[in-house]
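Quick setup: one chain, the form predicted on its own, written in structure tokens, and binding and motion questions come after.
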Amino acid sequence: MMEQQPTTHTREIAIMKDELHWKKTHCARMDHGGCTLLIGVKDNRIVEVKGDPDGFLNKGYVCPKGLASPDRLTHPSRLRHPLKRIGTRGEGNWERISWEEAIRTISENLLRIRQQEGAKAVAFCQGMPKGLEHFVLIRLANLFGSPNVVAVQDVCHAPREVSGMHTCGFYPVADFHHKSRLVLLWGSNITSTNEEGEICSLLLDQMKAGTELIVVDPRRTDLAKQSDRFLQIRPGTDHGLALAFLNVIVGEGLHDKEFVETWTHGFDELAAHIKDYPPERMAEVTGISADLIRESARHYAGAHPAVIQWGNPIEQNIHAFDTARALVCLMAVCGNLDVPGGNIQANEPNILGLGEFVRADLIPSKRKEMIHAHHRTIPRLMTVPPAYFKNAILEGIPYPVRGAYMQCTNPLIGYADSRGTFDALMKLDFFAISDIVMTPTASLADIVLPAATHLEFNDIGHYGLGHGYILARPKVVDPPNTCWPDMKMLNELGKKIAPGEYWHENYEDFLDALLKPAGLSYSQFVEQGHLKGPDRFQKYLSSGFKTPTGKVELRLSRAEKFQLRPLPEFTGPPEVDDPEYPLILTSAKDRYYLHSSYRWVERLRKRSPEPVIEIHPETAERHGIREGDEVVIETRQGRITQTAHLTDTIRPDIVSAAYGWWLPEGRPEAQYEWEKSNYNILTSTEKLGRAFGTPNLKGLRCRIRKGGEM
């Protein structure tokens, strides 16, 4: 649960008290961020962190990660100088070099590869977007001439956003700023992990005011315990449950008939199609009783407005497109699209558009040349799925990739099929990476750059996330002289490998350029704190939906053209039953970490010291496993070890393993024991969803045994 910190400081300007300056900024890079923070600074050191009671999203709340965020700045393992590899890749031998040499070495190698193979042989890689650096990276790729920006959006954000664009013309985000009668929390655990700006404090306020809560999750989370109805779903069957909801709502005539008749395309075909998915049939699939499915569907249909807060776990298997499509159809038939308190098309403030910022106009053939265009993924997916990126390196399909620049990412832990990722990284001719500390991925690089971290540079948050607002992230302390913000690295590299007129003398000019349409300088924006687009709802009444039919496309009008299924279907779980691997494996984000980041922050490591697999007591007893035992987890792809935690918050047929683990205390020449407990040793990229290139990360078949047994 997030923690409330009392404070009386609400001014934007620093307040003097015994030489302690209080500065206001927004949290970031511990997750998607969004909490307004008051930072106590003395002698360029952060000595205290509090939540701002006037915060736009958090209203005084701050989580343990936010409280621990200053520890990143002073950690003894922090990278403080550019490093150049000496000897064989991965041996852990480095030479300290200057920034001038680092930028020159990177630019020479990327330009060499471009001259030999073409610009598309170089990829630009980003982890979860954390700030404006993501869009400066895209700009650099575009100006360099490469269509290949690699990101993890195939399993995070893109299936929801892009499926929404094709179905209703926009990304339907949850509106917690207006009252909802019912919240359907679907695979979203926002008291532990911030879902792209959906801070839990806004939801908790609604619950206190009487909003009904339904939770769909394989794990009985804190919010599931507080919910009115909890649907404990088998991982990977969300599309089956959503279709069962539609079966009940349409079959019983509970849908919004006026909206459906006027503003949807293909309702009759959908109504006939979903007759194949009655709750009784889907109960066997999802593990949820038919009565509970019917009851929950009726409550969602009967509450108006109602909102679905969907988390990214629904995007982490090969059926992500069907799941996202079914849920948008559910929003639509109940009349909950673009209404206050429903799933809305957020209106952006008057700022520089994404296309103009990244100079998309200078690479007009990008859509046809991206690696994944060869694999015929869904249109509007603008980042390369990692599985296809690795395939281009290892197999040269559709063309070879030989070099990469990476930031805010740790692919050796974060990409599916970690051993395949290792092989791909080892095969690259050259790659450079920026980070705060040495990571398993960085230990394989040719050049490692020391990054300034959040709180040490000026930034803008939530640009491009589709929630209709941006947040000021002014720096509160200066970074070490030898640590650069990612935006500065990209700006300086851009001057070497792309036309110089598109880059700035000072990288902070990007901030002012973004804000110029709003008539604000960055300093004025900081005074304001955030910038939100206007509240305008039901825009379809005057202009329709931005789809080929002008309506919500329950049946996709261009499905045949894109070789996609016109209606969402359930064709089975992510993996078929396997008697040799009888358990279902899932994972959950750790509330104390961000993906693979921050296991080296002592204050957080004490709260979550080791990788833990959650096992139901009945399952543990069958396997002779006790609390704290070492457990071997096996899939057909590989095996890892984690520590047992017995809990009845999951079902007996499911185990939930920890994700994102490597051991910073391990040996650098062994990549910090990246294989021992790394969840992605268990995953595979042999089978991918067609629409987004998504692998199965959840709903895997596995088996477990006590460590030391054969």
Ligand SMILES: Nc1nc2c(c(=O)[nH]1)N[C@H]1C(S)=C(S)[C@@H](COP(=O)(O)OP(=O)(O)OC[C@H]3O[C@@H](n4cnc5c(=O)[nH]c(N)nc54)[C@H](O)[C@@H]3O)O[C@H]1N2
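If you're wondering where the values come from, they're calculated on a predicted model, not measured in any experiment. The first residue of the sequence shown is number 1, and the count goes up from there.
Only in words, not in the display: the form predicted together with the ligand, which the text now covers.
Heavy atoms of residue 192 reach within 4.5 Å of the ligand in the model of the complex, making it an interface residue.
Residue 474 falls outside the set of residues with a heavy atom inside 4.5 Å of the ligand in the model of the complex. Interface residue remark: residue 468 is not counted as part of the site for the ligand in the model of the complex, having no heavy atom within 4.5 Å.
With a 4.5 Å cutoff on heavy atoms, residue 688 does not count as touching the ligand in the model of the complex; it lies far away. Here the chain stands by itself, but in the model of the complex one stretch of 510-518, 170-178, 592-600, 104-112, 592-600, has heavy atoms within 4.5 Å of the ligand. A heavy atom within 4.5 Å of the ligand in the model of the complex is found for one listed residue only; from 273, 372, 130, 166, this is 130.
Shown without its partner, this chain lists 326, 216, 320, 122 as candidates; in the model of the complex, only 216 has a non-hydrogen atom within 4.5 angstroms of the ligand. For a residue to qualify, one of its non-hydrogen atoms must sit within 4.5 Å of the ligand in the model of the complex; none of 148, 332 and 377 qualifies.
Residues of 351-388 are not found to place any heavy atom within 4.5 Å of the ligand in the model of the complex.
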